[in-house]
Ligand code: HEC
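The chain that follows stands alone, in the form predicted on its own, written as structure tokens.
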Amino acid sequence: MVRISGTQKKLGVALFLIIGVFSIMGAVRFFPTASNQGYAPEQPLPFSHKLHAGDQKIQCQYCHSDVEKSRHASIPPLNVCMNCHSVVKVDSPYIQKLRKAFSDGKPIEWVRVHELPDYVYFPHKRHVAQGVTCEACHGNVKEMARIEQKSALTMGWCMECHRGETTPPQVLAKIYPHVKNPRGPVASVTCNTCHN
């Protein structure tokens, strides 16, 4: 019978833990279950960001007015839609449904596309204030006839930006104004920054 010493047991447990941690990290990296990347659900009314933000050049903040002062960008209330659609395309059957919902005081039940877990604190206003554009996280919305989650929005994806690995150039230039081709940390990576 082979005897295993206390040191060998400790080394075995340590090796088991190291292999376990790396296995979990690998699984999370290759199978990011928290990501809805590519999710593009059908909405109750066909709303084209390509038409509104792209062709008509309506700024994101016109409809998502809370983005600069709130944690959430929020879905616009129907009165924002009616600012234009009380006179634009009033004969469209979709606009007629919109008008009816507005006059009945009932919201349109839009399907949420970009959703983070409840334990994640993500303040839009803080990112907007630092010069992060909507496209940096949401993709080229101006070309989307149907809105789609373009980015992973996983913890690893966010950390890459906070560490300066994938940070938009205009944000890096703002943080490192006197550095040519800047790279480096741009935001905290401590747990309570996003999980509080």
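Quick note: we count residues from 1 along the sequence shown, nothing fancier. Predicted model, so just to flag it, every value in this text is computed and none were measured.
Not pictured, yet referred to below: the form predicted in complex with this ligand.
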Counting only non-hydrogen atoms and a 4.5 angstroms cut-off, does D104 reach this ligand in the model of the complex? no
Using a 4.5 angstroms cut-off on non-hydrogen atoms, would V111 count as touching this ligand in the model of the complex? yes
Close approach of P169 to this ligand in the model of the complex, 4.5 Å, heavy atom: no
Give a yes or no for P46: in the model of the complex, does one of its heavy atoms lie within 4.5 Å of a heavy atom belonging to this ligand? yes
Who in 100-129 is close to this ligand in the model of the complex, meaning a heavy atom within 4.5 Å? W110, V111, R112, V113, H114, E115, L116, P117, Y119, V120, Y121, F122, P123, H124, R126, H127, V128
